[in-house]
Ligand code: COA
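The chain that follows stands alone, in the form predicted alone, written as structure tokens.
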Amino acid sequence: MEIGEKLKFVRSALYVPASNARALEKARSLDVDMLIIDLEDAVPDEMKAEARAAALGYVAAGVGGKILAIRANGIDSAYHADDLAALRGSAVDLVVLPKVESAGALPDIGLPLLAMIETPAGLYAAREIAAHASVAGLIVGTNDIAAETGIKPGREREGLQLALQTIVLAASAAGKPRFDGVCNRLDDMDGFDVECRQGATFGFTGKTLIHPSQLAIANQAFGPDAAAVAEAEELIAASRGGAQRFKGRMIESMHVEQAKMTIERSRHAMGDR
């Protein structure tokens, strides 16, 4: 399966500091769909070169069943060029690029990209960025968007909803997956559950995470439960083609395709990758 197709089944994507050997080792056994080995925010300047080497060694060794991405330093960073040079031709599945603001700024390094939309300029250009041939999907950077706009989001991310839905629409128009931003509130699992379910309702296909304790909730919120799978199977079995009544509502071919995707996401979540 091509990486673009695999991404459509990613429920959880965990950032892991490339400078933290213990966290990298622990990540091998976690129930996470994608690991994003971070060279940017999580790594202090004096450890950038060491972290880069560690990340490249980690992806070369591989982590069975998990998609591996590396987040490079941003285009405005002194470490950006060295990161891209090192990543070109590496064993990594994807490269995550922070603060992408235009399709013209996307580098050609021969690897699929996950573009982070983190600024007002990035939001305005999200549709063109998502449509770029090198871009496999979008990630929303909610913390940076809030900081750059002065938005002070509440528990249900009031004020950020337009930005979130803009990214969903841009990625959807290009037929590509889109990943919700991180939640910093590590001691508020109920609030995190609300945020995950909101993101899934908005149309995000998965969630980016900063701590392993968030994995179970994200996997549940972005993966179909047993009841949804059972109903999808029943809908497919009942379908006769065209529009018809099913359990008090009208269904057509579009709903059959959605049901098939629900079943595929369930199979992928159970390890049939």
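Predicted, not measured: the structure shown is a model, and the values here were computed from it. So that there is no doubt, residue numbering starts at 1 and follows the sequence shown.
What follows is about the form predicted together with this ligand, which we do not show.
If you check this ligand in the predicted complex, you find a heavy atom from every one of Arg22, Ala42 and Val182 within 4.5 Å. Picking from 204 to 212, 62 to 70, 49 to 57, 237 to 245 the stretch near this ligand in the predicted complex, with a 4.5 Å limit on heavy atoms, gives 204 to 212. In the predicted complex, this ligand sits beyond 4.5 Å of every heavy atom of Ala133. This ligand in the predicted complex comes within 4.5 Å of no heavy atom belonging to Ala85. This ligand in the predicted complex is not approached by Ala228, whose heavy atoms all lie more than 4.5 angstroms from it. Among residues of the shown chain, Asp38 is one whose heavy atoms approach this ligand to within 4.5 Å in the predicted complex. Interface residues of 13 to 40, taken as those with a heavy atom within 4.5 Å of this ligand in the predicted complex (partner not displayed): Leu14, Tyr15, Val16, Pro17, Arg22, Ala23, Lys26, Ala27, Leu30, Asp38, in sequence order.
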